[in-house]
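For reference, the chain that follows is the form predicted on its own, supplied as structure tokens.
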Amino acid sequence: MTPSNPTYQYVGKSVLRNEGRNKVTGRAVYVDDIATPGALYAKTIRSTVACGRIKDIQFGPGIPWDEFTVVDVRDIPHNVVELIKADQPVLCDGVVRHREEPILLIAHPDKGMVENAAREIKITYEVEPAILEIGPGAVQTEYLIVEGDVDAAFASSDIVFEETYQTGSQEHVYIEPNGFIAEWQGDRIVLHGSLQCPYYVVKAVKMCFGIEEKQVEVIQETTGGGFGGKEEFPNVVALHAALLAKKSGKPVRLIYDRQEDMACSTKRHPSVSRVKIGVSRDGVLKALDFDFQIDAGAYVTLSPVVLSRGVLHAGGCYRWPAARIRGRSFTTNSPPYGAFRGFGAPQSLFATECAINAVADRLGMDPAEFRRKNFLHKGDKMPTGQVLDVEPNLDAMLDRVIAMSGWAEKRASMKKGSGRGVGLATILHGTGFTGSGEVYLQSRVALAGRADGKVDILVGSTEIGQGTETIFRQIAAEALRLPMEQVEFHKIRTSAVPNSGPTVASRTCSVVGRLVQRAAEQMFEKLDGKSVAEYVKANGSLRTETQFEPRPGLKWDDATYKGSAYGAYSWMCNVAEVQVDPVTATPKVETIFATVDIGTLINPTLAYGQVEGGVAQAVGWATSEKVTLRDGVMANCQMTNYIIPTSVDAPDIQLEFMPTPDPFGAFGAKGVGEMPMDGPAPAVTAAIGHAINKTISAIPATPEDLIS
């Protein structure tokens, strides 16, 4: 692990995480822990067919329905879940577009009676044919990037390689399922929830009920993980709880159990990538033609931006004199797919890296040396036309991971088909929102001094296990020249904290953290040598606020999809070492070696934890986490048959940080949260292929798939 930076007091130090003690001692309060006297327990009644129309709804005998609050589509002021596109109804409008689509909401003071009542509601349908695969459905969103004369570049290539790659869906398996508590206080709604993006919920509730933003208070309780699964989906849960609370006049608790959460919530988008590569005999890449397709499900949700990031990362870490990258998302009758760590980049980079390994094999070249010959360097142009203004140092990172892993020796000693193998992948990941996204967000943060001498950090960026509270305190304390004990992270409630943008896109530390740093620097100047308590006593208040400002020279055209897609990139090289059982064909990922550039490490231990967790999650996606779909819906909705890596299964992770600081990130930080998801899967499948002498073009590569 990279040592801490001795020039700073807090930045670069592995200080204890802010919320850690409460979590490990059981004192942390999750939404289901909140006492709500007089509250009703709620449940969602969902469709059992993938496509059709509702013919009839019958409420069975033996249930005191007059004691229940029942909400249907007629009770909704504006039946839309507001997000990118207003196409998803809060409750089914009569036309069923996917299984598990919410149709009714019920609530009662007795939780057991709610469960019994749900079983007595019978819905009949006029069933219609469902579209459950990528391709037959309507194209929802499409992007096209073209750089250079692609056809001419292929014509001049000595070798043309083509292959199709597929990636499966993936369940988030956060520690805590989705849940909200809703209570109307007059014309104002208060929502306590497990979520990533409080202002998403504010917008959705405001639009649904036709009320002002100030009438919606969203409070984030301790949140047991998100990984993207609590980005947009909590909007739906919050709206359902709010509707029941409105109609009943009582507080409402809508807390999912694990099975319901896994069945109805968003997942990683399945993908199909058709990759065509032109190359010279001496190993110089000439042309790329990449057709990237994802299953969006029944509604848009965040699919356009997931597709966008997948398309923008498809070129990988390589120089392409000519490239054509096409991306399409397809509407199907599956539940909507949504945000998941990596946000489209893991899917496209899996295909790119698998293809690079295959081309190296076709050329008879070492995959490491083939990559080295084609790596991006400062001054090189990417497929969007973006010219790299910093040196990625990929050569040095590759050298180091090769040395760490003993790549050359293992490649020589592990013969193809021997049951042991090694594989390589090199990847990049853009920090923050794409192109003009950060400008559109106009994120804000504030710092407020208190009479007791402490400073509150006021942000809308959430702590979901990644260490937001801790790193923001480190950043603010460093810039304020104050002890960390004097800097506190304010509880996130939208009436008190500004909109800092969503907690997504590897932007929290680098982008929002930079705003925290600037606000702290402004406060330090304002104090002018006084203590916080002295200043507040003399002036009555102390507050600084900052808003996002674009870095100079960053230009992006949304219409042509050309320009600088991201202001900064993080980089990672992975080597995977795998053993495949000769009898069961079970792959065991023994070690993942990695070199990582995420800029300045604000907290090395937390950074290591982010990479370690991402690697484990990626190994699961690559080898065992198979979402079995039935009528487009996850059928294996239990932890007994959806297999994630445990501590026994997780590989040994040997990691070294090789930072190139970003001058526009918080103290030089770049994004870390998503990138570790991108590289391990293609490295692991390359190693499996090496071990069994078989091309792996789809994941997860389960034993059943490897045997077939």
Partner chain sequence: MSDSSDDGARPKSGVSRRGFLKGVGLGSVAIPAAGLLGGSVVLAEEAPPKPSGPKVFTGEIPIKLRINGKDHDLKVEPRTTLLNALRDRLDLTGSKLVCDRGTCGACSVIMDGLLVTSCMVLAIDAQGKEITTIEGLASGDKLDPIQAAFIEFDALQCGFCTPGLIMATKSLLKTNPHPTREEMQDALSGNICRCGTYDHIFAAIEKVAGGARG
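Numbering follows the first chain given and starts at 1. All of these numbers come straight from a predicted model, not from anything done at the bench.
Another form, the form predicted in complex with the partner chain, is not on view; read the next lines as being about it.
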Problem - Contact test, all of Gln259, Glu625 and Ser647, partner the partner chain in the predicted bound form, heavy atom 4.5 Å - result: yes
Completion exercise
From Gly210, Gly553, Gly112, Gly540: within 4.5 Å of the partner chain in the predicted bound form by heavy atoms is Gly112
Exercise for the section: Look up in the predicted bound form whether Pro61 has a non-hydrogen atom within 4.5 angstroms of the partner chain, and give yes or no. Expected result: no
Exercise for the section: Evaluate Gln486 for contact with the partner chain in the predicted bound form, applying a 4.5 angstroms cut-off between non-hydrogen atoms, and reply yes or no. Expected result: no
Problem - Partner contact for Gly613 in the predicted bound form: the partner chain, 4.5 angstroms, heavy atom - result: yes
Practice task
Mark Val387 yes when one of its heavy atoms lies within 4.5 Å of a heavy atom of the partner chain in the predicted bound form, and no otherwise.
Solution key: no
Problem - Which of 213-221, 395-403, 126-134, 171-179 lines the interface with the partner chain in the predicted bound form (heavy atom within 4.5 Å) - result: 171-179
Fill in the blank from the handout: Applying a 4.5 angstroms cut-off on non-hydrogen atoms, the residues of 447-482 near the partner chain in the predicted bound form are Ile464, Gly465
